[in-house]
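Same chain, two forms, each on its own as structure tokens: structure 1, then structure 2.
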Structure 1
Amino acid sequence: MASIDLQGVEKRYGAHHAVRALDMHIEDGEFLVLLGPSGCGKTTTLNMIAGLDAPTAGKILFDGRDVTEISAYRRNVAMVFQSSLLYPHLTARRNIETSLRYSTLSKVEKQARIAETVRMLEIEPLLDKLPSQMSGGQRQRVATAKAIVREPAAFLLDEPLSALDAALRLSLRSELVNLQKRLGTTTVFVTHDQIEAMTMGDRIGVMSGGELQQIGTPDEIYNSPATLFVAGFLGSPPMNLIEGEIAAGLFRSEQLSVPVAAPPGRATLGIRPQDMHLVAPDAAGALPVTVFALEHLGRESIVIAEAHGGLKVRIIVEAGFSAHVGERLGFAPDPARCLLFAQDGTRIPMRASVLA
């Protein structure tokens, strides 16, 4: 078990910054999810933690000890690679055994460890199969077994579930979390699936363009995103982002006006679809929109409406709601739930909000 620190870690490929100035602290025993769009540097970050890639600059510490120069194996971390890479020419058993090849354990201890792992992951029937003879889920299980049999200080998982179908993904998700909690091993889990991130992580680190945007609990990330990117990336349907101007304690965008406690200037207002409500089309301060489409989800419905300049907004309404396409409506955001972002994408902190 170990805590992991990244200090000013940077990775360049030629002139291309894959990861820039990354500072991160991962608690001992924590399940941290790294989330971000494709190509944002998640795998690169994970590889540097693992010791497979050397950072161009910065330091990596395990339990306060600098391991930047230490080889992957001696860091005592285990990794499950994107699409569950295994040795294709070795059976599941031999794949798991190679994890202990250089360990100093006695033969008996090794066998005991393997037996226990096999039991825990219920892969007994797979042991004599080659990876090419297994299904995606089975391969994933074997890859996990191969990783945990070493009882590593940290567990690094690179989109281990992305190649699987939805149902299997769902069951393996809880299995993995359960396993991690039982073992208490520090875990870094990379994904670009926000539901995976929200449901699995103790904390989530959101990355974009090689930079860490925010790190925090799922609740913090969802309810108080630090940047415009985080606000827009998490949540389904996504947060509505409306550009406008703050003046005299009011955020304005065409007819919309919301009381805010922030300094004047251009800004973007963020409001989640469930935090808006229906009003008459010409109500004071409300946003006049025309209905574009209606999506019924059973428990609730989503109104997709078009506002000025073609801007699409999404509003969650109760299931019974009905409206026809082209109908004019007005939507008013709940001022207490509004977020404001400055031009550069950072959050504008609201002082004690002035409620009407």
Structure 2
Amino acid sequence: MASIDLQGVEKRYGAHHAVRALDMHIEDGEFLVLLGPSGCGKTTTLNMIAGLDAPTAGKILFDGRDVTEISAYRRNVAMVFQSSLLYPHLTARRNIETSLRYSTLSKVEKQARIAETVRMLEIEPLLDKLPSQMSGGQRQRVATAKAIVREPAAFLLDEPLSALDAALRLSLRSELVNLQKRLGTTTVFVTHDQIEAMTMGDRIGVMSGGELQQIGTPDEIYNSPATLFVAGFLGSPPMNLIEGEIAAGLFRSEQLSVPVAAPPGRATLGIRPQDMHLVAPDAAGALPVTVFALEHLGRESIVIAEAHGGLKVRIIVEAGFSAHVGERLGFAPDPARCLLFAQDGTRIPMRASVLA
């Protein structure tokens, strides 16, 4: 196991800046998730940690030792990719054994380590099967066994669940977290799926445009987003974002007027769907909307509504709520849960926010 430090790490491909001035510390034994949309630099970052790609600038340290110029093999890291990358002509057992081909362990020690790994991942019935005889989830379990049998200093996973069906993703998510906690191996997990990030990571690093937008626990990222991008990217359904202006202690838009304790200027107000409450359409402080669609999710329902100017907002309501498309409703935000963001996307601190 190892702590990992990235100090001023950058990666450029010609004029394209894939990763910009990245500073990040990953604790020994931590499960860190790198989250962001396609092309944000998260996989490039993972490849640089692995030694598969060299940074253009900056340093990468394992337990304080500079490994920037050290080859991938000598870093003692293991990777699992979206595709299981098993040798198609070898059985599961032989695939796992290849990871210990150059190990200095004795034959008895190798077999003991393989047996323990196979037991942990519960893949005994697969050992004599070829990859073509396995399901996608089974192949990923074998690929995981192949990676961890080496007992690496760091375990690196690049969207390993994205090609699987929803039910299997749900099952393997908990299995991977349980396995990581039992092993205590420092783990970096790349995904674009916010649900995976929120449910798996000790901390989440949110990336956009090659930059680290914010890093923190799932609760910190969700409840205290540092930027407009993080606020809009985290949450299902996503945060409602309403553009407007702050003047004379009020946030005003075409749809809404909210008293705020914040400096004047253009701003975006953010409010989570669960923090909007149904009120009469003409009530003071209400956001008048018409119903665009209604989604029933069993334990709750989501109203997708359209405000003046075509703005669409999402509101979580209780299960069994009924409304027809085109019906006029009113919603008001919980004043204590409103967030404000400046034009540059940074969070504006607020002392209080009370509806008039």
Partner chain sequence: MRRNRYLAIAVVLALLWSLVPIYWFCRMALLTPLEIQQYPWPLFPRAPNVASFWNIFGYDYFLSDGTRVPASGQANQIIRGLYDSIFVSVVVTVLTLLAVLPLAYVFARLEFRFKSVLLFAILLSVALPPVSTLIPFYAMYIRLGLSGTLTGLVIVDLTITVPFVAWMLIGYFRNLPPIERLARMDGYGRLAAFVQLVIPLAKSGIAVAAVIAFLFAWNEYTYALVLVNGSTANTLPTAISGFLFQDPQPANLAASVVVTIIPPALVAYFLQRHVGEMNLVDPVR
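For the two forms, the rigid core is made up of the largest set of C-alpha atoms that agree within 1.5 Å on superposition. Numbers given to residues start at 1 and step along the sequence of structure 1. The structure displayed is predicted, hence computed values, not measured ones.
Undergrad: Of structures 1 and 2, which one represents the form predicted together with the partner chain?
TA: The form predicted together with the partner chain is the one given as structure 1; the other form is structure 2.
Undergrad: Align both forms on the core first, then report whether H89 has a C-alpha shift of 2 Å or more between structures 1 and 2.
TA: Where the cores coincide, H89 still shows a C-alpha shift between structures 1 and 2 that is 2 Å or more.
Undergrad: Could you check whether the CA atom of S174 moves 2 Å or more between structures 1 and 2, using the rigid core for the fit?
TA: False for S174: its C-alpha shift is below 2 Å.
Undergrad: Answer yes if the Cα of S106 shifts by 2 angstroms or more between structures 1 and 2 on a rigid-core superposition, and no otherwise.
TA: Where the cores coincide, S106 still shows a C-alpha shift between structures 1 and 2 that is 2 Å or more.
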